[in-house]
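Here you get one chain, nothing else, as structure tokens; it is the form predicted alone.
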């Protein structure tokens, strides 16, 4: 035990121990200085950059400064900078061959950041996933869905998929599909819909609401009523318009039909014979059929 303690004391007094202590101090200072400098620069340039550019700049400054301190710490421990660069090159090539998917995501991330099709805070739709962009990193894009789920989508998938930015522009159009009975007056329906839009405070006056007659459906006249709204009020307007249209149609006696089937036998054929029978008559018919002899026929 005394020998071990003596060796530890001798090691702490050696130049190697002093260099390791200096390197450790440099790394600790590097963490603090990198965080402080990156935060200070972000506060100075925040007004000139959007959220994604600011996040990227902060990370670049932080890791660049930290790398300088780490390299200085390694030099204090006696490592050669040239040897470190050579080892880093070999390590980078090995990692590149071992992680081609990550490299593809990294390159795709650079394209996404440069293209700026969307930014942090936008709502986007990627295939069947819709959510708010939380971050655009070099390997993936992170979303928060409308039901508060965290979704990570690789950048390579983002590049190959169709991405719809739902909040790119300040206003959006709400397309409301409406069906009315064939007996209804389309002009009256148009006036009622325009009146509903005029009374709704979320509907924009410009662009004006538009009314479209889509065609003759199986059970209804198919219509589309389109109104414009600020992007932040999209869901509220869509819900309120459906409620108000239903209430207005009820007041005006406009029928919203449900799907039904009509049997048409042609204008030159005889009408289809239809008889309405009560429950008692049906019971008698069933009993008569059950009392027929074997092989007999029931003729109505």
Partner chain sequence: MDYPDSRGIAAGAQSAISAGRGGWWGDYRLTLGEAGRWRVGSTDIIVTRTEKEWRVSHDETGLPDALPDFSVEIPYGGNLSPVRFKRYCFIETNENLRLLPALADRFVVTRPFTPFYVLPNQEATIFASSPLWAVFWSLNPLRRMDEFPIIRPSDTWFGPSPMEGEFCYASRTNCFLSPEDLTLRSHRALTPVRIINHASDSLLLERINLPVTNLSLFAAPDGSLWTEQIVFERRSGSLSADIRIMEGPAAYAHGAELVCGPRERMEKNMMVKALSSIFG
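Keep in mind it's a predicted model, so treat the numbers as computed, not measured. Positions refer to the first chain, counted from 1.
Below, we turn to the form predicted in complex with its partner chain, even though it does not appear here.
Just one of 108, 102, 200, 220 comes within 4.5 Å of its partner chain in the predicted complex, counting any heavy atom, and that one is 200.
Put simply, of 162, 206, 147, 128 only one has a heavy atom within 4.5 Å of its partner chain in the predicted complex, and it is 206. When its partner chain is considered in the predicted complex, residue 230 lines it closely, a heavy atom lying within 4.5 Å.
Contact check for residue 114: every heavy atom lies farther than 4.5 Å from its partner chain in the predicted complex. Using a 4.5 angstroms limit between non-hydrogen atoms, residue 216 is distant from its partner chain in the predicted complex. In the predicted complex, residue 170 approaches its partner chain with a heavy atom inside 4.5 Å. Contact with its partner chain in the predicted complex, defined as any heavy atom within 4.5 Å, is confined among 222 to 230, 117 to 125, 179 to 187, 136 to 144 to 222 to 230.
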